[in-house]
Ligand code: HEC
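To begin, one chain is listed below as structure tokens, in the form predicted alone.
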Amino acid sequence: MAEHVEMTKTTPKDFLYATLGGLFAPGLAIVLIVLLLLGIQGRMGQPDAEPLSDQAVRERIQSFGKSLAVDPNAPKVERTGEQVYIEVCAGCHDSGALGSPKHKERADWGKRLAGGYDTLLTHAIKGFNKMPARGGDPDLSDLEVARGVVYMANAVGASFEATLKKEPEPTAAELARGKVVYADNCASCHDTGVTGAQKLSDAKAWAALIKEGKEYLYAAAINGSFGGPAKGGNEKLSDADTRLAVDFMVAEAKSAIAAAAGK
């Protein structure tokens, strides 16, 4: 006769302990995996340990405060040299960042002053070495840049005046000749804006170009630039006639800019 073995009855407490024990190992594994993923995610997108000095400086020299509600019809108020310095230039020139001469530090400005006012102004407008054009503020007018340069230079002993070299105005006869050259060589693109050419009626596009100065525009037209061919694609066109075409375009663009400003 087989021996009868009586099984121990499982209590609710025994079942609970068994369940918890069975879940402990996989639960611990899940927690560790989650913590690992969170750690990896937390490290993603973090900046390099070594600071990006140039980028940090350029972020510091951004203008203080930018209004998101600017009235495009409001007249532009030209800033003083001190205002230009504080709002645009101080980010670098207070500390000498990016190799810039420190404000009121005569030793830093000696060789630069020796180069003369015109050279300083040209470098400030067009950019030089690590210094961006117009100190990184494209809205600065040439006169405002000149005032900022004079403010800094005169603080270390210079006696400059914030003046701009006036470009000679073309005569009526030169504009008439430029109009003919334009019609024969440039109008097919600049009248329509094809190939990305700046239409003469595009006040905003031309305002930025005119800031660069006539010599810059002459060189661009003669050598080819802005995606356009040299001399409008006419290799036989003389440099002199190309310049006259530029004179005509600038005159027309200035009229469009004045009209847009309500002048």
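Only a predicted model underlies this, so the values are computations on that prediction, with no experimental measurement involved. Heads up: residue numbers just count along the shown sequence, starting at 1.
Missing here is the form predicted in complex with heme C; even so, the following discussion is about that form.
Contact check for residue 188: a heavy atom falls within 4.5 Å of heme C in the model of the complex. When heme C is considered in the model of the complex, residue 225 lines it closely, a heavy atom lying within 4.5 Å. Shown alone here, residue 103 lies farther than 4.5 Å from heme C in the model of the complex, counting heavy atoms only.
In the model of the complex, heme C lies farther than 4.5 Å from every heavy atom of residue 168. Contact annotation: of the candidates 138, 99, 157, 110, the single residue with a non-hydrogen atom within 4.5 angstroms of heme C in the model of the complex is 99. For the partner-free chain shown, 189, 190, 195, 196, 197, 198, 206, 209 of 189 to 214 come within 4.5 angstroms of heme C in the model of the complex, judged by any non-hydrogen atom.
In the model of the complex, the Cα positions of residue 209 and residue 139 lie at least 3 Å farther from each other than in the form displayed. Compared with the form shown here, the Cα atoms of residue 122 and residue 252 move at least 3 Å closer together in the model of the complex.
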